[in-house]
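Just the one chain here, laid out as structure tokens, in the form predicted alone.
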């Protein structure tokens, strides 16, 4: 199939994109890598009146580091993380995450911001970034704002973003050498979306322990007491049953297995993939 007719404009920077969104109205959409929106356009599941292309907005592909965090522009591709072309706020965890997303052709075009805004429950970045304590940075007519990612992700394929606002970046707290991490997902084959996923972070220097259950057909679930999981990874089954009771028994078992494996990875000696 072919996309329905739409107007097209190319934004030169984030502020220009916001102006285009405001002028176009609610049926104006952003396109970056197009790895999710492109197929939806061709299947006519999405029929915007206008597309605002941000691929050449250099400020949306920039990286800025402070003493305790790194801000990644929303337009940075998965491949840039995979190839370590951007600084890592963690002890090397982001490259392996990016490498596990779909296929290289997708990673060359798809962006971290596009993945977050699309908010597919089975996608890697929403689960991972929530576990890492990320903040969503947005820009609108009234200026920039920041919000915890847990508040930005409001439902499957749904984020707290007004039609005339743009996700400009994601702020990740820096994680030191004592921090521990585990991420596990189950896929039927390489490149597919996860059937179950989980991420676990333990950062003693910051006093943070976080665990997230992903691919649950709703927003990723932030485990309220992740310390319970690290004290005994076998508690994963009870945690999943308590937090995702709507899941079928077989799905609960798969999610529990992913959560337990992620916890055990976080407890094991850390080896960073090359």
Partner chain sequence: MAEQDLKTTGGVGARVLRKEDDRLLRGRGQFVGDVRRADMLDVAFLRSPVAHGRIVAVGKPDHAADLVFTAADLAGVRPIRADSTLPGFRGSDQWPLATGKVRHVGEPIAACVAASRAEAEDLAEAVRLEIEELPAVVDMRRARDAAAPLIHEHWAENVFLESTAVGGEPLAPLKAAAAVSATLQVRTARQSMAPIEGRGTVAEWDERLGMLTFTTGQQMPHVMRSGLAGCLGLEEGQVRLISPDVGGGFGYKGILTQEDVTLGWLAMHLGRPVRWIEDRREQLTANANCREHHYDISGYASAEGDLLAIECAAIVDAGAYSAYPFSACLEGAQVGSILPGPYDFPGFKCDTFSACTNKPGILPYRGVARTGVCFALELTMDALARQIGMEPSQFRIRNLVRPEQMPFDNIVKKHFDSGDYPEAIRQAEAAIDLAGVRLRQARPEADGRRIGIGFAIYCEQAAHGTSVYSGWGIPFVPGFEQATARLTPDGGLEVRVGAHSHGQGMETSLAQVANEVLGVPVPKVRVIHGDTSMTPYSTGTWGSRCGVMVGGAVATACEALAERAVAIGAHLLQVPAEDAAVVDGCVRSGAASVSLADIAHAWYRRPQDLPGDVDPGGLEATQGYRMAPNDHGTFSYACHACVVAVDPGLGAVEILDYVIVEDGGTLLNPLIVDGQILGGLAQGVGTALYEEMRFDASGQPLASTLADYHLPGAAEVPDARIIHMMTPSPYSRFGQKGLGEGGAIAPPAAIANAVNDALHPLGVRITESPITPERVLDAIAAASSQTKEAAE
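Positions refer to the first chain, counted from 1. Computed from a prediction, not measured in an experiment: that's the story for all the values here.
Just so you know, the form predicted together with its partner chain exists too; it's not on screen, but the next bit is about it.
- Looking at residue 184, you'd find a heavy atom of it within 4.5 angstroms of its partner chain in the model of the complex.
- Although the partner is absent here, residue 145 lies well away from its partner chain in the model of the complex, with no heavy atom inside 4.5 Å.
- Interface membership of residue 254, defined by any non-hydrogen atom within 4.5 Å of its partner chain in the model of the complex, is confirmed.
- The closest heavy atom approach of residue 58 to its partner chain in the model of the complex falls outside 4.5 Å.
- Note on the partner interface in the model of the complex: the residue among 104, 84, 178, 195 having a heavy atom within 4.5 angstroms of its partner chain is 195.
- Listed residues 44, 218, 50, 242 were compared with its partner chain in the model of the complex; 44 is the one with a heavy atom within 4.5 Å.
- Annotation: in the model of the complex, residues 3, 188 and 250 each come within 4.5 Å of its partner chain through at least one heavy atom.
- Stretch 36 to 44 is the contacting one of 228 to 236, 62 to 70, 207 to 215, 36 to 44, since its residues have non-hydrogen atoms within 4.5 Å of its partner chain in the model of the complex.
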